[in-house]
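Before any questions on binding or motion, here is one chain by itself as structure tokens, the form predicted alone.
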């Protein structure tokens, strides 16, 4: 937690037409910190994720990651530097089996570089990763094509693909969306284990109760602007936050 921030975002802005989706956002993230990003629908959360991970180019501002500006780099270069993201709308390789989805990131230049090209049996490693996120190793679900997997397994697969990349920063876009309470309860320990292992995480979430169990700090967006930042219990008491949520999600 000491020293320079892992991520330093300054004046980040993006407009689509005449709409400011992200408007001059500043924040820092230290290593081994978990920051939640919350806000009403349309507040700019997913645009922020897309900016951080190279899927959208900012109009202005800087994204300093480990002291280097990564703003505007393509997604594969951002990932190669150690930033992995999940997608709110799952994006597996639908024609591949669950474990073969993980062989793709395991073959990435980043992983080959980190392992010296000596990763062992990638199929076995892929199956280990799936078991880590809640797949039953001895069941047929590991070998089923992604197109046939239920939503809960696809969400777990999103997380496993991130872990396979061995990133320093996880950017998780509504990982809990569409999951039952039991499914979320099964994923939270996986995230806690990542944090215990030194991971740094940004979590965009609508599931506030579950997010607040994990997050050290929360940033609240509304109409593309940051309106509050701080410990979850403090932030949710801020009048501007309660007004933005109209008393709904803030109470749930």
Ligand SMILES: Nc1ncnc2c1ncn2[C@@H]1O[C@H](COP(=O)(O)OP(=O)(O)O)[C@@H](O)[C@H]1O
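Positions refer to the first chain, counted from 1. Please read all numbers here as calculations on a predicted model, not as lab measurements.
The same protein also exists as the form predicted in complex with this ligand; that form is not shown, yet it is the one meant from here on.
In the predicted complex, this ligand stays beyond 4.5 Å of every heavy atom belonging to residue 36.
Proximity of residue 45 to this ligand in the predicted complex falls within the 4.5 Å heavy atom cutoff.
The shortest heavy atom separation between residue 21 and this ligand in the predicted complex is within 4.5 Å. Within this chain, residue 54 is remote from the site of this ligand in the predicted complex, having no heavy atom within 4.5 Å. Stretch 36 to 44 is the answer when you ask which of 207 to 215, 58 to 66, 188 to 196, 36 to 44 has residues with heavy atoms within 4.5 Å of this ligand in the predicted complex.
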